[in-house]
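Shown here is one chain on its own, the form predicted alone, set out as structure tokens.
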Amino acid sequence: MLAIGIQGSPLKNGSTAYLLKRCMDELKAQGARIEFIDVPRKDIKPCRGCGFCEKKGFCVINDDDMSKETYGLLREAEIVVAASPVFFYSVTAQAKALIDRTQTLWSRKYRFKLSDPLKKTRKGCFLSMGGSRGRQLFDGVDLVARHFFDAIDASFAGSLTYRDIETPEDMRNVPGLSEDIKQLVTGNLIPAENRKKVLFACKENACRSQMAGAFAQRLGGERLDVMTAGSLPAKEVDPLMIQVMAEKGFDLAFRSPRSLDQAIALHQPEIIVTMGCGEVCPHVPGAVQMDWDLPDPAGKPVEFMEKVRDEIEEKVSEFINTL
């Protein structure tokens, strides 16, 4: 389970960074794998408002950090924690640039009618603070946050907001801060306990294991913590696989292949399911290993890919029912 923290303040070690780190540390303590996106230190170009994503499903800007890594992280993460101080009753310009660029994901959801496999379990929360004590201080950032989480297929799980905060020391001295964070994380963000960690593996992690992982997340995300990998991972997922999964309403456009060694180091699976191409998986003590004898659809006609897709869906459904 990946949790990403989006740090939107231009101050590297300010109150926003402090609050976000405290929240991410609690997520890590609860078993999440954490990563940070320090937005002001990233190359994220502002949205051009050109409408390209609403016609093509992808952003016309393809040479910055948003396209190269951030879209993929937003799709992989099951928990998204966004943090920004209040600037003129909204988020910072840097945070807003990232949020505006999720118009691409909004377009894929509402124009192309696609949804991410983690839609049912992904959660988002917002952290903010401001120097004012104004009653409406957080009205603007709350509205921005709710629409941001909707665009990335995350349910809004709440927020922590604090008035009269000017320095990290002010943030550290907030009464009950630790309790606020623990309640948000354990009560609102962490999925159900005792989910089985499952790894779906094939040779390239470009077709079969990606489809199996997506169906498992959609059909059993409340019971399964899913990762996919390959013994010899390809550079990118198969475009035809993305196409046939889109026929089922799945959006797999921003997924990337991962090696078995990397996946096992990150995930520590309890169950490893291979797709029938003789993968030699590293030994994982205590892990149950299963093999599904599925033909490799790479390089085959679309009808063959669709047939394998449907067989995988049936196998995943049966697998979930046996848990």
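In this text, residue numbers run from 1 along the sequence as written. Everything quoted here is computed from the prediction, not taken from an experiment.
There is another form of the same protein, the form predicted together with a small molecule; it is not shown, and what comes next is about it.
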Among Asn173, Ser132, Ser178, Thr186, which has any heavy atom within 4.5 Å of the small molecule in the predicted complex? Ser132
Which residue among Leu118, Ile165, Ala145, Met241 has a heavy atom within 4.5 angstroms of the small molecule in the predicted complex? Ile165
With the partner removed from view, which of 308 to 316, 295 to 303, 8 to 16, 21 to 29 is the stretch that lies within 4.5 Å of the small molecule in the predicted complex, judged by heavy atom distances? 8 to 16
So in the predicted complex, is the small molecule close enough to Trp106 to count as touching (4.5 Å, heavy atoms)? no
In the predicted complex, Tyr71 touching the small molecule (heavy atom, 4.5 Å): no
Is there a non-hydrogen atom of Leu137 within 4.5 angstroms of a non-hydrogen atom of the small molecule in the predicted complex? yes
Taking heavy atoms only, is Val86 within 4.5 angstroms of the small molecule in the predicted complex? yes
